[in-house]
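The chain below stands alone and is given in structure tokens; this is the form predicted alone.
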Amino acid sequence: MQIVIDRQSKVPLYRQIVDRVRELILSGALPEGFRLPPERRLAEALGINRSTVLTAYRELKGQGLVDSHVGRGTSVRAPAAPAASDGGTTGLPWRQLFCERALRVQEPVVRDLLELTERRDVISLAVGLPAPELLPLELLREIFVRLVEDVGPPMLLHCPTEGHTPLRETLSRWLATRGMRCSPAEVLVLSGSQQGLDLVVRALVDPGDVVVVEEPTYVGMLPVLRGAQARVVGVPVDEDGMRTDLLATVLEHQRPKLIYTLPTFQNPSGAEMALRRRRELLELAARHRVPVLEDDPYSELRYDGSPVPSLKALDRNGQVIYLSTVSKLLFPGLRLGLLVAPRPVVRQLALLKQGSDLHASSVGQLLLDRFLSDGHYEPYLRRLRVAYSQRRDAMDAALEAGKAMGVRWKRPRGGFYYWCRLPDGVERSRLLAAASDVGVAFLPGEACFFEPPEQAYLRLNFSYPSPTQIRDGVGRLLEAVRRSIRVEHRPPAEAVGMPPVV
């Protein structure tokens, strides 16, 4: 398998590997079952970082061109058999017809995590969902019945692309209570906040443009940026959020089209950006004339400490696009989000939105408007905070048993997640296999990095599982961690202090 790397090319190294291997597979030069070189050996042969090869292999797997198995390495996948049509002829070679943008999307991490919610044999600490048993189902039913009586058939008809006008007015008033002064015309109702990420990137980012993200960052943003062919520059996050000192250096040497940040209870790290850094970020963005996309799904779920103003509330230059969702609090299946931006931005994003879904669910918007305007939101939110803070504490207590092995974490003040650093010597492939064996799911930390990190991390969710499932699931996970540590790094069994998993 001959691969030539052009270090002078603007095409990223991992992309050069992907393109060459894909060409060899589709031409038949690499037959089904051909085993690709191990990542470390190919990296040494090409004189590049192993993480670059790992990224390339993952993209090839996401394109359906290769398979990887623990203990067997990475091998060329059998091409899909052509389907016969009614006329007896073979079907189209669909994978070969997909455009480059479609094939650039990597492994469907979010889809796979959502599928785990239907598995009863697995305790999922992976998905970022609210607890289903806490959702106000009876209240939702009552509101729906009243809407049918009050509104009638029009509730099932279309509404403006920008959103149901009374809901935009309600959201404008609600945002004002959080320090964000905006008119209804500056509010765009979305089919979930994920749509907002896609719309903003489509509107602002051309192939080759630089986008600054936190490192680690939200797993759902990375495929959007890969599909846009963006050049992603990561800025590390510590316990006070994005490192604005390093951001300043990046902005001196790059000309980014966008800065993407989750300043409050960041996903996945749980970090909260300090007020000083929020002001520094806005000052830097204003100086370099870079728009900021503030993703804020979790700020309402605070369990400790005092609220910190959002970037949008601090913005005096109209440079922040604010994105939030009701999926983390209410009715995730209705897929509703909101975006706040200057009117020219909202108008342009609405035009883009028309090309995909015309408007968000009319019924869902009416339900949300009634829920907010009738005063149900704050009492429900108070109940959620109590319940989720108890689940957070249950996870904190369960993780204590991992300290002896070297598992490290910081207790989050809000949000949904624990971000755990795993001990040295953990073999990531063995960890995934061991977790599958004991029936627990988590989000591997490398899914939250554009380039795989050297250190092993994982993200654990505490909002979706019950307290009992949290204790059992963390126990299973720590057993999987123990099994995956290489022998020379493994602490004595009596130091771990864990019961066997049966």
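None of these values were measured; they are calculated from a predicted model. Residues carry their position along the shown sequence, with the first being 1.
Note that the form predicted together with a small molecule isn't included here; everything after this is about it.
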Please state whether every one of the three residues Glu186, Val292 and Lys312 places a non-hydrogen atom within 4.5 angstroms of the small molecule in the model of the complex.
-> no
Any idea which of 142-150, 194-202, 300-308, 276-284 reaches within 4.5 Å of the small molecule in the model of the complex, heavy atoms considered?
-> 194-202
Is there a heavy atom of Leu262 no more than 4.5 Å from a heavy atom of the small molecule in the model of the complex?
-> yes
Classify Ser124 as contacting or not contacting the small molecule in the model of the complex by the rule of any non-hydrogen atom within 4.5 angstroms, answering yes or no.
-> no
Residue contact check: Gln365 to the small molecule in the model of the complex, 4.5 Å heavy atom | no
Heavy atom to heavy atom, is Trp419 within 4.5 Å of the small molecule in the model of the complex?
-> no
In the model of the complex, the one of Thr170, Thr244, Ser327, Gln319 near the small molecule [non-hydrogen atom within 4.5 angstroms] | Ser327
Ok, His376, Arg413, Arg335, Arg430: which has a heavy atom sitting within 4.5 Å of the small molecule in the model of the complex?
-> Arg335
